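Next up: a single chain in structure tokens, the form predicted on its own.
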């Protein structure tokens, strides 16, 4: 059978692209290497699926890390409000939580996938599971078909690559799209981990494994210059630090020199140095005859106290022996707990991939290749990424919609329909 469009990859971008093109009248085949669609989507947000963000467009672009201008057309053609409306029409009720994050009302990512499966079926998209593309066939820089791994050849006018990045590879994101596009002359920007935990050099971090800190500010510096600060929640691990604010800072780290990278944690961002000093003095008066380690219980999580005591050299001190200089050292440590960042966790542990197909070789208005006619791209396979909060999934759905729409309009235009 001859298809107007073959979509490679059944994640959010691929499902949206296939359904959109089919809704506009194209004969569409969706190829998925796994036994089911949306395998990575299923585990996002710990299975809850933060599907988009309900903030305005200005907020959206503030949270895009890489190639935000490239995404203008995609995000304005199909925005977050349109996605929520589509989901509701597909029978998936949504809710808005803190930070304008949008989730399915059921807290089940599987409901998002089921909604899109209904959409694909209604749109009469043919789906082939357990199939992977081996090569995109071209003639005179124009798409003519797809060769599958089983050496079956499928003839088509257009191919859309939506294979994702290289994180969570057990879900099928193994960089297939980079290879397929690279063979056709496309430049692949080196894939790097984004939204990934940071590895730190201090040995005391292991003592705090599993400790979550809320309402703290983490500041990342590279080469002595501040990269960014984030307020919120973080987590200590056996290798370093993780949690929402750390993941966001890790993506910004990709854009900066990796020499002398430091992380400074303000454990009490609501208090100035002077206010914190007064608070400590108040606690010290209350526990005047106790050891310092027993005088900080009102101020800090219990597990954090031994580390702070060790770092400030107050291990054997009784409160009434602490000098003003020592007290101010304690204040400084609490306002600027320093960690040395030695790297990130591997790409396969990252939530998303930074890097991918160079945006300079893709038309941002249509998402068609500038090198090969009839070749389109959508989702994480492109060199775009954003911070946490539903932005990356919206990018996947928006680029999926625009690429599917563009393929349909070009095909219908050629047919004079």
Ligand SMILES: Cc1cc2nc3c(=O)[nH]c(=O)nc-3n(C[C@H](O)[C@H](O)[C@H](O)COP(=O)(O)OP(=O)(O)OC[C@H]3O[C@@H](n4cnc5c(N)ncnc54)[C@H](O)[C@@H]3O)c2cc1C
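This is a predicted model, so every value here is computed, not measured. Positions refer to the first chain, counted from 1.
Another form, the form predicted in complex with this ligand, is not on view; read the next lines as being about it.
The chain is drawn here without this ligand; in the predicted complex, the stretch among 269 to 277, 157 to 165, 238 to 246, 212 to 220 whose residues come within 4.5 Å of it by any heavy atom is 157 to 165. With a 4.5 Å cutoff on heavy atoms, residue 344 does not count as touching this ligand in the predicted complex; it lies far away. In the predicted complex, this ligand lies within 4.5 Å of some heavy atom of residue 132. Contact between residue 383 and this ligand in the predicted complex is not found at the 4.5 Å heavy atom cutoff.
Although the partner is absent here, residue 19 lies well away from this ligand in the predicted complex, with no heavy atom inside 4.5 Å. This chain lacks the partner; the member of 31, 357, 26, 375 within 4.5 angstroms of this ligand in the predicted complex by a non-hydrogen atom is 31. Shown here without this ligand, the chain has 350, 351, 352 in 326 to 357 lying with a heavy atom within 4.5 Å of that partner in the predicted complex.
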